[in-house]
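Only one chain is included here, represented as structure tokens and corresponding to the form predicted alone.
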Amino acid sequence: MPTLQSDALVFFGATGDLAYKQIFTSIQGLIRDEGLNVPIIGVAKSGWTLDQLKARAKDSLEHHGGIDQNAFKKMLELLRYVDGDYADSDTFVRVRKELGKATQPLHYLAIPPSTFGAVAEGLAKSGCGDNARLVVEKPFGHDLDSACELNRILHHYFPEERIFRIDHYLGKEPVQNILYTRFANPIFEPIWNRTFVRNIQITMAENFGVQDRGRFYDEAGAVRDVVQNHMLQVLANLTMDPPTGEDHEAGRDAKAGLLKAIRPLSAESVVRGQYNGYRSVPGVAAGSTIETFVAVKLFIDSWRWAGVPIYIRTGKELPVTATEVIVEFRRPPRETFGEIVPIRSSHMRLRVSPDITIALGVRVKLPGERMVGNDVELNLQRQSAADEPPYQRLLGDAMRGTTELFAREDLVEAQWRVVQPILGNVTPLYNYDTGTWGPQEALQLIGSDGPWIDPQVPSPEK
């Protein structure tokens, strides 16, 4: 069995986009902040040399966070490179040689899921997989059947406790803050249920398009790219029961129970949209029916949440870039002061990005003799620039064998079961203009529970 700390880091896809944008800067952070001092081996089939990989690392850091001279110097000392095909057994023989005395490495597969099986087999047959941990990137499967098959393949070579399915959203400080705010403050738990909550809205908006990801995005779409993973993970943190006991799996057990209680979506509970101009993006099919916007209405079949409608929407080319949650509380059965009060007068707002916000909507009395008031929002806000980057946090956790922020097999399959009925072109696709909040049909979906509450992001100062 592996000890607590992995003694080498191998990352496949070393010359790829994810390594360039996230992995090099995370490794530098781990060296700087945690004293990481193990062999770091990049693997790819690009015809590169070690010097070229080092130059790529330098360029990556210059464009993503900056270079820490001491940590970067140490990274270059630790860095190795193996250039080879993932289907060639000799590639893994050379990886084993570069590992040297390491006996319990961490292998990070920053590569397409279609290659996971070949790499897992190569690691196992070469001895590189002995006592090793395996980190795999999303998307984990394309639907429920493919996710189950991928789990079966990986389990042939690695036990579940050594497989770390990464979703960077779980490493974000604001997403963890949702859990902490709920369970660290006793004023919230008694009202966090169907008796006091009228409905919930979750919005993840982006004010840009698919950019250079046209080919990938046209195979995924908003449901697979965002809802199945990021949005359901946020919902789980928002609505799961408190973990019980001291077992290290308690948090994931509670999350699994919640995800398994979500009623699978139906065609009547989803609105899909595509922004005008999407089909002209390079890599996108001329007659593409892939959604760039989706709104869903779902329910959790549990005593805590029975009957509470939950609305999730996400889309590209919307007016702002922001992710936030609105929990709307029920009004009292009788307005004591005879006012006509807006139905969503009381709420809690939890913003994940671009800033971290916890806000409470309350009603306060106006000065004077009359017992009348208006709605205000008590707001606690901070910027997230100083937070530990999510990939650095998750990579460090994987090196230590800490599983809490990684998706377990049953969690991934539960998430796929929720969205499985709406995958593909099974519902109408509505066009919408860039810079709007998606197709008008999304307003019909939310109906009397609406309107949607649009995140308000201040314009940057000129």
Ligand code: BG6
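Since this is a predicted model, take the numbers as computed values, not measurements. Heads up: residue numbers just count along the shown sequence, starting at 1.
There is another form of this protein, the form predicted in complex with the ligand, and it is not shown here; the text below is about that form.
Here the marked residues 138, 206 and 230 all reach the ligand in the model of the complex, each with a heavy atom within 4.5 angstroms. Look at 68-76, 164-172, 87-95, 341-349: in the model of the complex, residues with non-hydrogen atoms within 4.5 angstroms of the ligand sit in 164-172. Exactly one listed residue, out of 226, 147, 123, 235, brings a non-hydrogen atom to within 4.5 Å of the ligand in the model of the complex: 226. Between the options 252, 316, 297, 133, the residue in contact with the ligand in the model of the complex by a heavy atom within 4.5 angstroms is 316. Although the partner is absent here, residue 213 sits close enough that one of its heavy atoms falls within 4.5 Å of the ligand in the model of the complex.
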